[in-house]
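Just the one chain here, the form predicted on its own, laid out as structure tokens.
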């Protein structure tokens, strides 16, 4: 396992958890998964990685940080813990992340980002990637982006995940930054053309299976986001079309059965919401979708525990 993959599921605020990843892995054994974004401070103070007993296959840890020394330490620890790859977030526009001088604001400091990548590469032997926007605020011309990419590659960056939309750190919420400004796939195409030997992953607004296939033909990899939360069963189509894997023929009912066993194992350790939220989109696009969605939401605040038998009966209608 070399840490690279043709299709990744992006880390999503409020969505990506160990439970969500476990659920997705039932559907697809091939897809590349990310952890939620983890700060170097959390790791340094022993709040995260030191408690991880086992790491899922094909799992990339996404780090938030700005200190080369701390990122280098975290990279070495992540490799020791069994992660397949490491990703540095240089694209998150949240005000909290900005205040810590992490995320998208680092796009304005390319030399620092390159130093961070170099430190991680010096401390681990697994792939190191950077997830960034094509621009941030007024730092949005192509020449600047190309120079940024060039510095990353010189520092040893193995893969660059380009979200094809600039970020605006003032006046827009993180949610609005997912849809505004407009997507510029042409910019990512130009980067791939100008840096043909670089591993470039395209990200941003990609959802239809036809688009996923086309982008996989044009780029080294594709990163998907909210479409996976909305319609996780699209992973089976991706397995067939991208990985030529038709071995997983689980129905939605099969998937629920597998995941319900996981819920039984963890229902006394985690909240109903954390365990049940991954199931929200299981019946997306089917006649059962609305009724299923309501049943999952009702389970969030149930004082009688999660009614797995009721959900099981509903799933087999």
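Model, not experiment: these values are computed from the prediction. Positions refer to the first chain, counted from 1.
Quick note: we don't show the form predicted in complex with a small molecule, though the next part is all about it.
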Which one, 15, 295, 308, 24, lies within 4.5 Å of the small molecule in the predicted bound form by heavy atoms? 15
Pick from 182, 193, 226, 96: which residue has any heavy atom within 4.5 angstroms of the small molecule in the predicted bound form? 226
Is there a non-hydrogen atom of residue 40 within 4.5 angstroms of a non-hydrogen atom of the small molecule in the predicted bound form? no
Taking heavy atoms and a 4.5 Å cut-off, does residue 163 contact the small molecule in the predicted bound form? yes
Check whether residue 232 has any heavy atom within 4.5 Å of a heavy atom of the small molecule in the predicted bound form, and answer yes or no. no
How about residue 28: is it within 4.5 Å of the small molecule in the predicted bound form, going by heavy atoms? no
Stretch from 77-85, 107-115, 197-205, 235-243 whose residues place a heavy atom within 4.5 Å of the small molecule in the predicted bound form: 197-205
